[in-house]
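What follows is one chain in structure tokens, specifically the form predicted on its own.
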């Protein structure tokens, strides 16, 4: 089992859209038993995958071990893709992790799920927080969406510097997101890092929020779907390289 975190210090860069489309590619293109674990109290990924109905236990109960994570997992309409939903109880997760002082709680919870899934994707909240520290210890790969703007690029640089400072060995995979090649600023940003994967700004990608489905499910031949599939292939190649 491999854990892929979709994380950014900055919000509004297409993180959740990236997470659910990568989860779809994992389950559908790679036929992996896939879990999308929504760690963001906004619960956007949960909503988009049809899991917005409240459950008996709050999402934070998993971390306090009041309930097994497996009991909160829900099936989705997509074969081989399951969801571990979020809710507003996760607003207190940073405080909980700080008080708990268990640096690898998330890692151990992921380990408990390893026999049931081949790939676990984490849709993470923004910010450098106690939650992000747990994610950095637990992930095998961190995918970082970077919009073509100075603030977004600065945020990525801060994350990279933070990992170096704490001696973390988890690799980062930056991804250009929301790219409009008609804009000079976007073209220049992509040119500075031509080796980064690119997700275009396109109406078909924006339609994910309306249709509440990944692009590949309703527009499999679109430019957006091809971009997500190519990114997923790059992720699989990176994971295979680490496993050697």
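Positions refer to the first chain, counted from 1. Fair warning: this is a prediction, and the values are worked out from it, not measured in the lab.
What comes next is about the form predicted together with a small molecule, which does not appear here.
K.L.:
Tell me, out of 213, 189, 62, 178, which residue has a non-hydrogen atom within 4.5 angstroms of the small molecule in the model of the complex.
P.N.:
Selected option: 178.
K.L.:
What is the one choice in 49, 35, 39, 205 with a heavy atom within 4.5 Å of the small molecule in the model of the complex?
P.N.:
For this set of options, the contacting one is 205.
K.L.:
Just one of 196-204, 181-189, 24-32, 63-71 has residues with a heavy atom within 4.5 Å of the small molecule in the model of the complex, so point it out.
P.N.:
Residues of 196-204 come within 4.5 Å of the partner.
K.L.:
State yes or no: in the model of the complex, is some non-hydrogen atom of residue 126 no more than 4.5 angstroms from a non-hydrogen atom of the small molecule?
P.N.:
Answer yes; at least one heavy atom of residue 126 falls within 4.5 Å of the small molecule in the model of the complex.
K.L.:
Mark residue 12 yes when one of its heavy atoms lies within 4.5 Å of a heavy atom of the small molecule in the model of the complex, and no otherwise.
P.N.:
Taking the distances in the model of the complex, the answer for residue 12 is yes, it comes within 4.5 Å of the small molecule.
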